[in-house]
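Take a look at this single chain in structure tokens; it is the form predicted on its own.
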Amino acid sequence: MKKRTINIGVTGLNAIDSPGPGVPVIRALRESTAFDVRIIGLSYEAMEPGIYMHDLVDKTYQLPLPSAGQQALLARLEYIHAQEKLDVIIPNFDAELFNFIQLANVLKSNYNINVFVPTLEQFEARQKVNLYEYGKKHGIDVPKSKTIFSVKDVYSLEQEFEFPYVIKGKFYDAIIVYSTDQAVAAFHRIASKWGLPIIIQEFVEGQEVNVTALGDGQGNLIGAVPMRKQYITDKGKAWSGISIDDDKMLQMAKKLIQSTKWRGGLELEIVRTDDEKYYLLEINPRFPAWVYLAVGCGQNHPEALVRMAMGETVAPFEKYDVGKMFVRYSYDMIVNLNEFEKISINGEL
């Protein structure tokens, strides 16, 4: 059967020590059995490695930073669409999702560009500042947390939290602190990077496990693969992991997607304690950077998302391979300076 050719815009092309999901999403799409894909990279900085991976990315355009707002993003996407005739866009950063969610209907009605993302209500409900109440609502254990807006609030935390506890940014970053001095330093470090508020979360000791999952927006779990981290960087990112057989994790993903009618990809970050209790630490509202492990286990989540974005009905995956590992690696690409100049000056390559 001849495969249909479609043009897909993908963000998250960074592949540093805290990698974005864009490159693994693209690798998954390149292995699609349903589509021949032309990949349009959408970058924010000229040093994102995916820009220069010409075997994966056919052409790249720079986007305005999310802080520039929806109209700046829409104007840029209008230009890109005029050149590339985009069929689907897959945004892969938390910070950009708000703008894409707000523009999803406009992109579909005016340009026939499909964006399969959570609703604004779904996106806001699982924010870190709301997660503790979110867990209570959906019957899932979440560590005690508190939102603070001033460094002065740090000094009163000893009355509510025992050391160690975790300081988190509203989008990214988490630092375990063991003293008030460390907490103050972590507050300033994260606030300077991601702004306020700051989330304080009870530290739960146990094994870090994650689930990458996909919902169809109707309450159906289309796919899910649980993973245990094998090696973790100093930023808390999984540098290797292994797919595991864990029905409790799968049931947590299924319960959340059924209850919320989640639309799109998501990642659940979980701690499993020695006495087999499961605590949900975060819900990331997009594919994780390790989503290619799901492909290696027999579930191509990015391909399924594109099919749903294009209006197709997708049957849930029924199984996945257990005991498959991913191991990240770094290598040096040799890039011509004129390519860097083109993306920096012209905003496209």
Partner chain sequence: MYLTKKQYERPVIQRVNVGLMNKYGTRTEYEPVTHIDGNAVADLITAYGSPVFVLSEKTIRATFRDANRAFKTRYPKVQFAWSYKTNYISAVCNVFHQEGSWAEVVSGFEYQKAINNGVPGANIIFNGPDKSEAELIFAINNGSLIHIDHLDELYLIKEIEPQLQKRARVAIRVNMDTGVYPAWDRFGFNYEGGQAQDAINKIMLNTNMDLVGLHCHIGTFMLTPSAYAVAATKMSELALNVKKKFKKTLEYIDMGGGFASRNTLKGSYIQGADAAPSFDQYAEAISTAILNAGFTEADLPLLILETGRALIDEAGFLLGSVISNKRLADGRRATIMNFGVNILFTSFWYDHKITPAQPFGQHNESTVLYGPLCMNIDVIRENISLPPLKKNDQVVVHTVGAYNMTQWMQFIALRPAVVLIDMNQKPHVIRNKETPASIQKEEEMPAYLKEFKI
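Positions refer to the first chain, counted from 1. Definition used throughout: the rigid core is the maximal C-alpha set that superposes within 1.5 Å between two forms. Small disclaimer: the values here were computed from a predicted structure and weren't measured.
If you look for the form predicted in complex with the partner chain, you will not find it shown, but the lines that follow are about it.
Judged against the partner chain in the predicted bound form with a 4.5 angstroms heavy atom cut-off, the residues Gln62, Gly69 and Ala72 are in contact without exception.
Note on the partner interface in the predicted bound form: the residue among Arg76, Arg272, Lys237, Lys261 having a heavy atom within 4.5 angstroms of the partner chain is Arg76.
Just one of Ala34, Met47, Val314, Leu56 comes within 4.5 Å of the partner chain in the predicted bound form, counting any heavy atom, and that one is Met47. In the predicted bound form, the partner chain sits beyond 4.5 Å of every heavy atom of Ile175. Taking the partner from the other structure, the partner chain in the predicted bound form has a heavy atom within 4.5 Å of a heavy atom of Asn99.
The partner chain is not shown here, and in the predicted bound form it never comes within 4.5 Å of any heavy atom of Tyr231. In the predicted bound form, the partner chain sits beyond 4.5 Å of every heavy atom of Ala191. This chain is displayed without the partner chain, yet in the predicted bound form the stretch 91 to 99 from 216 to 224, 91 to 99, 178 to 186, 157 to 165 comes within 4.5 Å of it by heavy atoms. Shown here without the partner chain, the chain has Phe340, Ile343, Ser344, Ile345, Asn346, Gly347 in 321 to 349 lying with a heavy atom within 4.5 Å of that partner in the predicted bound form. The Cα position of Phe149 differs by 2 Å or more between this form and the one not shown after fitting on the rigid core.
Once the cores line up, the CA of Phe116 ends up less than 2 angstroms apart between this form and the one not shown. Put the two forms on the same core and the Cα of Trp194 is off by 2 Å or more between this form and the one not shown.
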